[in-house]
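Take a look at this one chain, the form predicted on its own, written out in structure tokens.
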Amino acid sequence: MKSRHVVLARRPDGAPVPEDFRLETRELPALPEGRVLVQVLYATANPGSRNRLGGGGASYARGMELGETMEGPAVGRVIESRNSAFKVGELLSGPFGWAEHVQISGRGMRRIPADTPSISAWAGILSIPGLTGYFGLRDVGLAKAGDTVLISSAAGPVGATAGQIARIMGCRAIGIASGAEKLKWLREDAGFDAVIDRAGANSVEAMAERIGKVAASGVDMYFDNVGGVTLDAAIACMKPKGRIVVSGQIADYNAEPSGRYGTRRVYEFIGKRLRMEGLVVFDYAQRYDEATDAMVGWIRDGRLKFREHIVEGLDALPALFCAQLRGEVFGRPLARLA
């Protein structure tokens, strides 16, 4: 069997471009004993992969090698099995990456129930983005009813999930995003209590002023997906004993190490007794079923909404990946392969 794969062709110089990737056709060997052949149905242009393309500079995952198939959460169907634990026709969620077919051991795969409300959601809200929102809010941020929760990149899959779960938990959810369509969706569909337009707020002072207008009493928990001046503005608006969850740093993804903004308000951590903690969702792998069971229930009863941006075909993934890093994609970026 032949399978097409998208591989890393060269190291990006600044923001990635489609030419940094290459489409290859590979001949798959006969399926070995103990392994499973999966046809990939949906693959995702995962923004977190950007930090791995430089080769060796990743914070919690190894850098990708040149010529290696791009990795990322995906959904697939078993079409051949030499592993007694898996049957032909089963739907699986796992890190299949940018490929049409993969041979896997089955380790770490998650079975998708037949009555799932959405197959593609298992590459999005029921996969890494939703799990990150769930555990980041509840376990790292220790959100509780009555808290004011501020979320950056709130219209993205992680932020939108975290904000809606905050509302379900009885918190006041404030989302930062840019663009009329995203702000409208956060208010009217996702049910955020307040939204902040990020556009034009390019300094700490400007962003802090906008936060202060909708959170006059301060912020109990900040869910950070962006970093940069937005993080420092949030720190300026935190209440004493506030908690900051560091989930992503989009503002610095394309910067050289020497040019990264980081944070410049560490001094406020002392007087306000703030706590800031990073989040790697794989630490909670043993509890994924807990989170997906809860989120499926909220999706079914209409309390948890999600958006997807779906393109067709494997070869559309490089352009999709680059577009979502530029902020041009609204919803979980997916490619439908079959």
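Counting begins at 1, following the sequence as shown. As the structure is a prediction and not an experimental result, all values here were calculated from the model.
Missing here is the form predicted in complex with a small molecule; even so, the following discussion is about that form.
So in the model of the complex, does G248 come within 4.5 Å of the small molecule, heavy atom to heavy atom? Looking in the model of the complex, residue contacts with the small molecule include G248, since a heavy atom lies within 4.5 Å.
Using a 4.5 Å heavy atom cut-off, state whether R243 contacts the small molecule in the model of the complex. No - in the model of the complex, heavy atoms of R243 and the small molecule never come within 4.5 Å of each other.
Within a 4.5 Å heavy atom cut-off, is C322 in contact with the small molecule in the model of the complex? No - in the model of the complex, heavy atoms of C322 and the small molecule never come within 4.5 Å of each other.
Please run the contact check for L37 against the small molecule in the model of the complex: heavy atoms, 4.5 angstroms, yes or no? Because no heavy atom of L37 falls inside 4.5 Å of the small molecule in the model of the complex, the answer is no.
Hey, of 103-111, 74-82, 256-264, 127-135, which bit sits against the small molecule in the model of the complex at 4.5 Å between non-hydrogen atoms? Only one stretch qualifies here: 127-135.
Between V296, V281, L53, M70, only one gets a heavy atom within 4.5 angstroms of the small molecule in the model of the complex; which residue is that? For this set of options, the contacting one is V281.
Between V140, V158, A234, A123, only one gets a heavy atom within 4.5 angstroms of the small molecule in the model of the complex; which residue is that? After the contact test, the surviving option is V158.
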